[in-house]
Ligand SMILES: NC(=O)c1ccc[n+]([C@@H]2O[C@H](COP(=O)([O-])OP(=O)(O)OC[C@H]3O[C@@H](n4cnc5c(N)ncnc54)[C@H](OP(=O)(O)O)[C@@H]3O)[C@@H](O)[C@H]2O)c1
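Only one chain is given next, in structure tokens, and it is the form predicted alone.
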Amino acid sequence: MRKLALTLRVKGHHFMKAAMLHSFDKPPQCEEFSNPVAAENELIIQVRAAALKPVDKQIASGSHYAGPPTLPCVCGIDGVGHLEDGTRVYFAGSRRPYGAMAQRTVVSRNRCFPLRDDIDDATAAALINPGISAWLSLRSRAKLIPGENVLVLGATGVTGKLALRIAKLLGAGRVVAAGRNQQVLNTLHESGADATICITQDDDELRESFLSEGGSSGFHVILDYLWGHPTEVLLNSLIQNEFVAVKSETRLVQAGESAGPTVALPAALLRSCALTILGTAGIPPRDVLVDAFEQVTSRAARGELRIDVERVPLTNVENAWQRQEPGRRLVLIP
């Protein structure tokens, strides 16, 4: 009995629970994995919460543009936890093969950000990543000017809903939400949408909806989480069929591909209107990232940015991975 107890204590000291990925075509499972050991300029984090996001699934499928991870590995790109000295932090980019969906992880010191006390763990883990993404897309990439009109393609998702609110906080004049889920679309006026477009219409009706809701000045900024066919219809709606003076520029920020990885881009579109297509451009300089982090967390603390979350035990990661929760983010709790 003493030998068994000693074995269990040693095992508990060296191992932790983690969402382990062994195959790109199967969901991760909660298993034991070795505890991380910090190298120079790294920190060990006791994880308190890690959100399950589309990008986590994309990376785990091996289809993300950054390339497939080496297997086996722990899933999760970011989360909330405590350092060994008790400091509460938001962190991102664990050293492989470690990840956020575990009891512990290891992260470079410069990828940890002290977190204010007036946001709970699950909310912070769920909101910070999509909030910063939307903030940077609108402010740093699109350079949204107060009074401009904004279209959010894919507005019924978690990030799209935050983008609607952030556009309003940044001073957008008119914000239009486009998405597939009519039930969610009906609620988006609460998030700042002045109008909604259901993209399940046939192509001619959808094209007319884009033209109508854009008004005489059109959309100055388009934040696109869809790509694929809906974006093709939108782009075709921008083509001018006559020689006209250009009234304004349209900046489209490509931020996702939930409706497809490619589009057909007509040459006539680029010659007939002032369209600029931008990417989200990866990770920005640290000062830009820190400013976005502070803006998003302070506005979340004031209740200006909100997100629906559901807490799920880490032990249930396999089941959670296969669930669909439109407009809500699942947060794994170790």
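Residues carry their position along the shown sequence, with the first being 1. This is a predicted model, so every value here is computed, not measured.
Omitted from view is the form predicted in complex with this ligand, to which the following refers.
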property: In the predicted bound form, the one of C73, L238, V263, I199 near this ligand [non-hydrogen atom within 4.5 angstroms]; result: I199
property: Proximity to this ligand in the predicted bound form, single hit among D78, E257, E148, E213 (heavy atom within 4.5 Å); result: E257
property: 4.5 angstroms heavy atom contact with this ligand in the predicted bound form for G218; result: no
property: 4.5 Å heavy atom contact, G154 and this ligand in the predicted bound form; result: yes
property: Proximity of V55 to this ligand in the predicted bound form, heavy atoms at 4.5 Å; result: yes
property: Partner proximity in the predicted bound form: T87 to this ligand, non-hydrogen atom cutoff 4.5 Å; result: no
property: Region of this chain that lies against this ligand in the predicted bound form, out of 101-109, 222-230, 78-86, 205-213 [heavy atom, 4.5 Å]; result: 222-230
property: Residues within 4.5 Å of this ligand in the predicted bound form, restricted to 157-193 and counted by heavy atom; result: G157, V158, T159, G160, R180, N181
